[in-house]
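Consider the single chain below, provided in structure tokens and representing the form predicted on its own.
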């Protein structure tokens, strides 16, 4: 039997944890480890740069449950730090693996290439944006360190960092023993009982109870429990934008997305005037709250997050979110609240007729997409107008919407598309990509083509940063106009490309995209330079007001 090594141990544990694809970029300090990856059951996906690899791994992890990226030391690891920061901010379990100089070089303090200051510098940087980390410098302790770090990644739903020196890859170590990466969270029984009693009393005395679901429901796999509560109680629900599609939007109790002043009037009124508002896993970020314009009924609000519940002015610690939802479901009474709120109708998509020779406008485009998308598509919305307009697009199935709606890194979504295509090969990605974001991570279009991915990419070409223009305009918001639709050919891929200026041309492109489900379709949409969606207009005004104190 072949001896176990540190490199093989790490790979086997990654597979045990549920990883199937490992994104990355080669470099001399990590080539030996990558050889072991290629020889394993993991599929290595080579990216154009390390930041793109990190974004792809982040999106992959959101759907697969764990993601991974492998890079070289210094120039590779530090290039990926922005992706690690985003994963930490948005609670995404990604394993960042970096090769490193040998232990002998480290002990001799040699000035090796890619070194910045000390040999601990990169590790120190990653410790700021990960929940756990390890430098595998000892083959005796390496297995335990790997187990601990990967377990914390999956338990806490946060990124981790593992550094493996070149000479440790084939260093002998003990074989892996059976283990579980799941740690059962246990609530304090007295706190849970008291918390549920107070919550149920508030709910049963209310006339307009409302549920607001946030991102932690998805990250911790609690969607089924929350759906059971919705159906047992009959209470209508909305979601935050980062929790969008955590529950099926075709459900008759779904009202829409709540974002403070940016919400549809019916959703805003119901949430803010509820006499029992139950928030589950919601983060109070500026985007979720529409630039802090949310006015929640604090005297009637139950805030349940990962391990703490607040009901009015009472705080219950050591109450696990999953236990709280399950306990509520057991005791809550069912009532019909359908007459008390305007639920979102199933014919929300309505009718649409393209106008011949009519130049394409932003609101009309989103109207059309709302009617084009179906349950077998996953909508990715780039930072900018696409996120806010995307919040109003009707998503039928759970987990069919993805955006980076808190960290808001421009350029995230094109490499994220690669991660989603590999994590959900049975669905088709529909990407709403801004031209500014596209120019930041454009190289990953070639990786999508290389792996035969089939997204429909809508390039929202408004000649620059329209979100920034609407907040505060200046020449810094202008970018070079590219012949975007010619890029798939330049990257050598088998794709269908369109340049669209009118509604009729859009119809032709959509018809062709629908008829070619196995090919990448790239649609360069020429849109007005200073026009955004209605949601973006509202947000821009609110952000400007906050910045100026007006």
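Positions refer to the first chain, counted from 1. The shown structure was predicted, so the numbers you read here are calculated from the model rather than taken from an experiment.
Same protein, other form: the form predicted in complex with a further copy of the same chain, not shown, and the subject of what follows.
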query: Close approach of residue 275 to a further copy of the same chain in the model of the complex, 4.5 Å, heavy atom; finding: no
query: Partner contact for residue 188 in the model of the complex: a further copy of the same chain, 4.5 angstroms, heavy atom; finding: no
query: Close approach of residue 222 to a further copy of the same chain in the model of the complex, 4.5 Å, heavy atom; finding: no
query: Close approach of residue 397 to a further copy of the same chain in the model of the complex, 4.5 Å, heavy atom; finding: no
query: Single option in 454, 138, 284, 329 placed near a further copy of the same chain in the model of the complex, where near means a heavy atom within 4.5 Å; finding: 284
query: Partner-contacting position among 256, 74, 260, 165 - heavy atom within 4.5 Å of a further copy of the same chain in the model of the complex; finding: 74
query: Answer range among 370 to 378, 212 to 220, 309 to 317, 404 to 412 for contact with a further copy of the same chain, defined in the model of the complex as heavy atoms within 4.5 Å; finding: 404 to 412
query: Non-hydrogen atom within 4.5 angstroms of a further copy of the same chain in the model of the complex for each of 9, 40 and 420; finding: no
query: In the model of the complex, residues of 101 to 115 near a further copy of the same chain [heavy atom within 4.5 Å]; finding: 110, 111, 112, 113, 114, 115
